[in-house]
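In the form predicted alone, a lone chain appears below as structure tokens.
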């Protein structure tokens, strides 16, 4: 009886409890991240063919010096910059409007903006291929004709195709980013705005001096996931061009290049090398961004 009580106390001790709580995360991290990462590093130095694995040193990394890789990298950087420009300020401003007491039909607008996140990617891909079709009757061509411009082949030119990709990304993710900002706005004390009103502060002054600074933590988070999403983009490109790829690689991205080399050409070693380079680039850009935003600074 005494031994049972002793075991019960050990099992509930404050020393063991934290390890029990973090154990699921550590196990999932080892199984779903560390092991695949280790295998990817190993495969990047190998030629992986069915029933034949050969160590080839740095040959896979030397193959990265080709036009398709640089094109994919260039497309990813452009796409990431454009999505950061669009998907940070616009959701922030819309969230402020949706959080305002003066805004009517708030719930309807919130639901409408979040609806794309629940839409099937396959259905959305078919719809956007029709929207950006080169036919005169396509939605985008009809719109620009109404503005007085000629019809365009949206999916055949680099600038136009990048515009289409950013439009799809905006449609998919703007509702989610609004949700993040809305949840953060709920935590800003109303007393701060009331004190600013007493001091005679205007709407813009309250926005820049209260709202924006207090939203900095969530802004850093949204910025980080937007940068990650930019470099990890694959779905939007696949929606428009499918598995055959885009003309002259105008829609090729790093993840698309991994898919092409690893699963279409069955060069898993080269695909792993591309993946490792993408991991290093994404980590580097994210660290620079976090450093620039002051996340590594000492707290007061």
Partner chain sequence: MSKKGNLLLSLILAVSMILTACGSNNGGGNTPSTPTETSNSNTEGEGKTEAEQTNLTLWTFVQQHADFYLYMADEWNQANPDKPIKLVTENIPYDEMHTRLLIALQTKEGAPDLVDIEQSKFPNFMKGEVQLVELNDVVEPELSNIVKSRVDIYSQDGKYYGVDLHVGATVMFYNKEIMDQAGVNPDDIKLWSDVEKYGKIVVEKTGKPFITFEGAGNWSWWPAINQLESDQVSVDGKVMLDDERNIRAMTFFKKLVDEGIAAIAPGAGHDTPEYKAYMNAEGAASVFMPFWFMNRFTDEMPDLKGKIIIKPMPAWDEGGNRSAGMGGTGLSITNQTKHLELAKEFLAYSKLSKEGNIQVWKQLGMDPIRTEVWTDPAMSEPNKFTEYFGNDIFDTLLEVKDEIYPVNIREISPQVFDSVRNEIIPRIFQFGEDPETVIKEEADKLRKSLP
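Numbering follows the first chain given and starts at 1. Quick caveat, the model's predicted, so the values are computed rather than measured.
Keep in mind the form predicted in complex with the partner chain is missing from the figure; the text below concerns it.
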(request) Consider the chain as shown here, without its partner, and state which of 70, 266, 61, 29 has a heavy atom within 4.5 Å of the partner chain in the predicted bound form. (result) 266
(request) Quick one: from 147, 126, 102, 203, grab the residue that has a heavy atom within 4.5 Å of the partner chain in the predicted bound form. (result) 126
(message) I'd like to know whether residue 235 contacts the partner chain in the predicted bound form, with contact meaning heavy atoms within 4.5 angstroms.
(response) no
(message) Just checking whether residue 50 would be counted as a contact of the partner chain in the predicted bound form - the rule being heavy atoms within 4.5 angstroms.
(response) yes
(message) At 4.5 Å between heavy atoms, is residue 245 in contact with the partner chain in the predicted bound form?
(response) yes
(message) Against the partner chain in the predicted bound form, would residue 157 count as a contact residue? Criterion: heavy atoms within 4.5 Å.
(response) yes
(request) Select, from the options 162-170, 148-156, 85-93, 180-188, the stretch whose residues sit within 4.5 angstroms of the partner chain in the predicted bound form by heavy atom distance. (result) 148-156
(message) With the partner chain taken in the predicted bound form, which residues across 82-118 come within 4.5 angstroms through any non-hydrogen atom?
(response) 107, 108, 111, 115, 118
